[in-house]
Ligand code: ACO
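Just the one chain here, the form predicted on its own, laid out as structure tokens.
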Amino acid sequence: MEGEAPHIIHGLEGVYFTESKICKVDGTLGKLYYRGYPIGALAANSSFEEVCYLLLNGALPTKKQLRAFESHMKAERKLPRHIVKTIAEMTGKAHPTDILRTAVSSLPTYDPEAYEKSQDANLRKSVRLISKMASITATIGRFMCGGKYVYPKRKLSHSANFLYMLTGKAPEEKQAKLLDTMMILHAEHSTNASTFATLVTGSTLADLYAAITSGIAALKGPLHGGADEAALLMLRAIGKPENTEAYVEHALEDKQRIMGFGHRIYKTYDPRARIIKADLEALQSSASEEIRDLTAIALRVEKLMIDKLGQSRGIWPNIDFFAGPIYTEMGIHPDLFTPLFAVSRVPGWCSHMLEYWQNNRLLRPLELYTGPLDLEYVPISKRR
């Protein structure tokens, strides 16, 4: 009706703005699908490289297609000298996520196809971003520890090469596989905040590098990509397993947020969290004392929160809750968690951007203005 105040949907919650064939998140049943494949099947049987191919191309590859795709990824790992220099100059002065964002925004300088608009060119740029973002993030972590730049190894898988560039040592197969699983679980999740930010920028017909830079920026906040770091800080603040119940009770009484719990979409157990929890529990026989304590704390927090808020309010563990201890066991510094999230999520960002461009429309929502109108302008000489 004309003159009627519009209905405001805060946070755009429950608003559909496009169609997609990439990802299905069933928050009621706690299910997640990439291109129709259940996340559990992909985590158990696939590789990150294969999942990247699936997301970008819409189907699982043949052996020949996967070999070619892996070869393309490996060929794009090496970083330009200027990018390495930029990382070195910023390390210790900026958050690693800011370093990653700055480095990615510089990549068009070295890509002759940076501003090409064709689907094929954007697919090639997607592979470059997937490969180079991993190298950038590993180099950030390497420089944080005082090490020197490590050149990538073609014979290693994507996850194994990341750990090699981070530590200077080829990882054990079990460790590389665990990271590979973590990257698969983080690779895609529909139009979350960072994916939406990517699409907003790309909808202006800005280039893919600009769109992905926006995604990285949106990922930085503790309500999104920074949540796993915040959850680990909480577990460490608890200190010992026997402190858990008192800490959680006090936090809930003070209406503090328990990091790693609750999700905008999931109203039941996050299916990715179930997989990570099982992987974390499997580590316990060989884990350090710190990780065993963190795991014990996490399991007690989980039980208490499910008993108190799971069934009654739909607040369950999400993927961030168990991620921190796993990354810590790998020797990955908490400041690197969010950049590593971006490394894992970039195939999802690129897939959504390429899909959206097939039927692009500028994303331009409305806002309801509630301020004054027709104010009289007073010259500065007469203002008091």
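Quick note: we count residues from 1 along the sequence shown, nothing fancier. Since the structure is predicted, the reported quantities are computational estimates derived from the model, not experimental observations.
FYI, the form predicted in complex with the named molecule isn't displayed, but the following is about it.
Judged against the named molecule in the predicted bound form with a 4.5 angstroms heavy atom cut-off, the residues 88, 96 and 150 are out of contact without exception. Taking a 4.5 Å heavy atom cutoff to the named molecule in the predicted bound form, the contact residue among 212, 163, 259, 184 is 259. Exactly one listed residue, out of 313, 174, 169, 240, brings a non-hydrogen atom to within 4.5 Å of the named molecule in the predicted bound form: 313. Of the candidate stretches 101-109, 137-145, 301-309, 283-291, only 301-309 contains residues with a heavy atom within 4.5 Å of the named molecule in the predicted bound form. In the predicted bound form, at least one heavy atom of residue 267 sits within 4.5 Å of the named molecule. Residue 341 belongs to the set of residues with a heavy atom inside 4.5 Å of the named molecule in the predicted bound form. Contact annotation: residue 80 falls outside 4.5 Å of the named molecule in the predicted bound form, judged by heavy atom distances. Within this chain, residue 51 is remote from the site of the named molecule in the predicted bound form, having no heavy atom within 4.5 Å.
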